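Only one chain is shown below, in structure tokens, and it's the form predicted on its own.
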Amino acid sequence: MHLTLEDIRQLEKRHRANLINSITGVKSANLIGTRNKECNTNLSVVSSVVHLGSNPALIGYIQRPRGVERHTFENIISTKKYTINSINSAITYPAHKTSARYPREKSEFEETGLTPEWLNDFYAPFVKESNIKIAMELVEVIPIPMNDTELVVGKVLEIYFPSAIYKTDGHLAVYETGTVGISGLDTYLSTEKIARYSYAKPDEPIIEI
């Protein structure tokens, strides 16, 4: 099947969104936890979290246009603190339910049955049921004028994870925790290790490690 740019433009809005969100393959599945200055908690599922650098440790995600209320984003701008929590196979249903547009005064934690967890006096809530939890601080918001989205850049302050998945060389075996990925907008996929290879060099064979 072949679709041109014009073909894509002519697609119905939801059909086009499903298509373009699917073509890049499996994406990370995370929940972003925040709390506003009135101490109301908020939780939202995000599939655009991406590694931006290791020194300093930076993680970003794409924020959709501001045309409607964006409680998570507004809380991040206001408090500068938020958490990123991995989604595992046991919580895909409540995690996906956080994408519903709840009123500002309602907490997605309460509405979905997920549990806010307060660790080391960090301002924003973590998700107790998550296996990998990251405390974040906002660094900058970079506009993307072409489609009115924004890249939200944060620095890693703290990380929590099961000690058993932390390998001697620093590798974190997230696939050992039941962590899932997202295809498109609404399909959750399990992760499974296929192979891990040594650092690639032009004149040396790679080996499985």
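Numbering starts at 1 and follows the sequence shown. Owing to the predicted nature of the structure, the values given are computational and were not obtained by experimental measurement.
Below, we refer to the form predicted together with a further copy of the same chain, which is not included among the displayed structures.
When contacts are judged by a 4.5 Å heavy atom cut-off, Lys97 counts as touching a further copy of the same chain in the model of the complex.
Not displayed here, a further copy of the same chain is approached by Val139 to within 4.5 Å at the level of heavy atoms in the model of the complex. Although the partner is absent here, Ser89 sits close enough that one of its heavy atoms falls within 4.5 Å of a further copy of the same chain in the model of the complex. Although the partner is absent here, Lys27 is a contact residue: one of its heavy atoms lies within 4.5 angstroms of a further copy of the same chain in the model of the complex. Heavy atoms closer than or equal to 4.5 Å to a further copy of the same chain in the model of the complex belong, across 1-17, to the residues Met1, His2, Leu3, Thr4, Leu5, Ile8, Leu11, Arg14, His15, Arg16, Ala17, ordered by sequence position.
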